[in-house]
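Below sits a lone chain in C-alpha cells, taken as the form predicted on its own.
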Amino acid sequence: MDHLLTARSLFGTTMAFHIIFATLGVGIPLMVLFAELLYQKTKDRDYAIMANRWTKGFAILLGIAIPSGTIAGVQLSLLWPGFMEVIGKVMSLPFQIEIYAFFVEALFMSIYVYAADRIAPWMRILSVTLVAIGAMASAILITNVHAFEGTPAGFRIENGEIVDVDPWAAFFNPSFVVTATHVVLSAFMTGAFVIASIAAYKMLRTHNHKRLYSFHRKALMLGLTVGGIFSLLTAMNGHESAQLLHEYQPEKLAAAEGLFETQSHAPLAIGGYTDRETQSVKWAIEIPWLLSFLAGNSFDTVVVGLNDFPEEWWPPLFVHTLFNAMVGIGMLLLLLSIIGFVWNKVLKRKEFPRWFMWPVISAGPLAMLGIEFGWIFACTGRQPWVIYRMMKTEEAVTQSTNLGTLFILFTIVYIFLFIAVVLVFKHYFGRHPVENELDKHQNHSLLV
C-alpha cells in the first residue's frame, strides 16, 4: 500500500474497532434506563435484574471503549497533523466539552453501580438518565468533528493561513444537527437489537424452562420495541441526510446512487453495483423519480450527477454498495420489529416460532454491520477531502514512515482486545447466570 492508503487503513481499523464499543456505550445505557423505568412502574423484579446485568455488560464494554478511544485520539494527532492544525485552531470545542460529558457519565455510572440498592428510586432513575445523557453527549461531540469535515464553517484559509475563526460557527456547522441525530438514533437502535439478539438466543436455549423463557421474552419485546421505534426514526432522519448531501456534498449523493448525469426526476437505484465504464448501476432495481423526491421533496428536483465534477473529486464508486447495505439492514430490522409486535400484541401468541427467532438472533450483528457500513460510507464518500473543498486528505497526512509496521501491530492489539472482552463476558456471566438471580429473588419472596 502507498503511504496515504496505509495511514487511512490504520486509522480506519482503529475506528472500526472503537465504533463497536462506542455505539454500544450509547445504546446500552438507554436500555438500562427503560428497564429501570419499567421496574419502578410495574415492580416486576425481572426488569431490575435486566438493568443490573446490562449495566455489568456496559461496564465491561466501557473498559475497552476508553482505551480504544484514547488510541483513536492519539492517532488523529500522529497520522493527520495537517488536519489537527485546523482542528486545534477552529474546532477544539467538542474535544474540550467531551471531557465534561464523560465526567458526568462516569460519576453517575459509579453511583448507579455501587449504590443502586441504597438510594431512592428517583435517584436510581436520575443516575442512569445522566449516564445515558453523558454517553449520548460524548458521541455527539466527537461526531461533530466529522460533521465539520463535511460541512466546514467558522474559518477561511487565505494564503495558507487560517483566518476569520469563529469556533461557535464551526461547532454549529450546517450538518451538526442532522449528523448528531443520526448517530444517536442509530446507536439507540443498535443497542436495542443487540439486547434482542441475546434474548432470542437465550429463548431458544431455555425453551423448556418457563421461568427463564418468560424472563428473556420480556427482554426480547423490550429490545424489539425500542429497536423498532429508533429504526423508524433513523430512516426518517436518513431522508434529511439525503437532502443535506444534495445541498452540501452533491458528488457524495451522486456516488451513493450511481448517478452520472445531472437530471430531474432522477431514479433511486436499489442494489446492484456501479460500473464506471458504462456509467450505470448494473443489476439495480430503479424506482422512477424517487431520488429527486428524497433530495428536494419534489419529483422535478434536479440532482447533480458525477459528470458535472472533475473525476479526481469523485468518491470511490463502491460507496453505492455500502449505502445500500446500510439502508437494507435498517429496513430489515424495522420489519423484524413489526413482525414481533404483530405476533405478540395483535395475534397474542405467547411463543415465537423458530423461523422468526433466528433472524432476530442475527439482528444485533447486522445492526453493528450497518453502523460500520454507515461510518465507512460517511468517511469514504467524502474523499478525496479531509475537510470538504478546503483540504485534501493527502495534504493532511503525516510524513512519518513505517506506518505499515504500526498497522500490523495495532491490528494484533485489537484482535487481542476483542478476544479478551469475549472471554471476560463469558467468564463473568458464566459464573453469574441469570437463573441464580431469579432463584434468589424467588427465595426472598417466599421468605417475605
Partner chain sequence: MTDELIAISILWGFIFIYAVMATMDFGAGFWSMIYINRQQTNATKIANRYLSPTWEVTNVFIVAIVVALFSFFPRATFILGTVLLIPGSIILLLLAIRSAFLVFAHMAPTYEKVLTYISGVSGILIPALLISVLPITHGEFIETIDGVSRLRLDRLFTSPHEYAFIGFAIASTLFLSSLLLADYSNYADEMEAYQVYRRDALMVGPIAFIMSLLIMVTMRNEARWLYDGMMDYLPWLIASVIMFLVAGAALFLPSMKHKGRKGMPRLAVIAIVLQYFFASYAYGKAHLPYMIYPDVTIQSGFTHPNTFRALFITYIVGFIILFPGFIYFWRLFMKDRRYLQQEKQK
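Positions refer to the first chain, counted from 1. Throughout, rigid core stands for the largest set of C-alpha atoms superposing within 1.5 Å between the two forms. None of these values were measured; they are calculated from a predicted model.
There is another form of this protein, the form predicted together with its partner chain, and it is not shown here; the text below is about that form.
Within this chain, Asp275 is remote from the site of its partner chain in the predicted complex, having no heavy atom within 4.5 Å.
In the predicted complex, its partner chain sits within 4.5 Å of a heavy atom belonging to Glu85.
Contact check for Lys345: every heavy atom lies farther than 4.5 Å from its partner chain in the predicted complex. Contact between Val327 and its partner chain in the predicted complex is not found at the 4.5 Å heavy atom cutoff.
Against its partner chain in the predicted complex, the set Ser298, Thr321 and Leu332 makes no contact: no member has a heavy atom within 4.5 Å. Comment: its partner chain is not present in this chain, but in the predicted complex one of Ile287, Met221, Val302, Val165 has a heavy atom within 4.5 Å of it, namely Val165. Put simply, of Ser264, Thr181, Ser92, Ser280 only one has a heavy atom within 4.5 Å of its partner chain in the predicted complex, and it is Ser92. Stretch 66-74 is the answer when you ask which of 27-35, 66-74, 379-387, 42-50 has residues with heavy atoms within 4.5 Å of its partner chain in the predicted complex. Residues are counted as partner-facing when one of their heavy atoms sits within 4.5 Å of its partner chain in the predicted complex; in 406-421 these are Leu406, Leu409, Phe410, Val413, Phe416, Leu417, Ala420, Val421, in sequence order. Remark: with the core as the superposition reference, the CA shift of Ser110 between this form and the one not shown reaches 2 Å or more.
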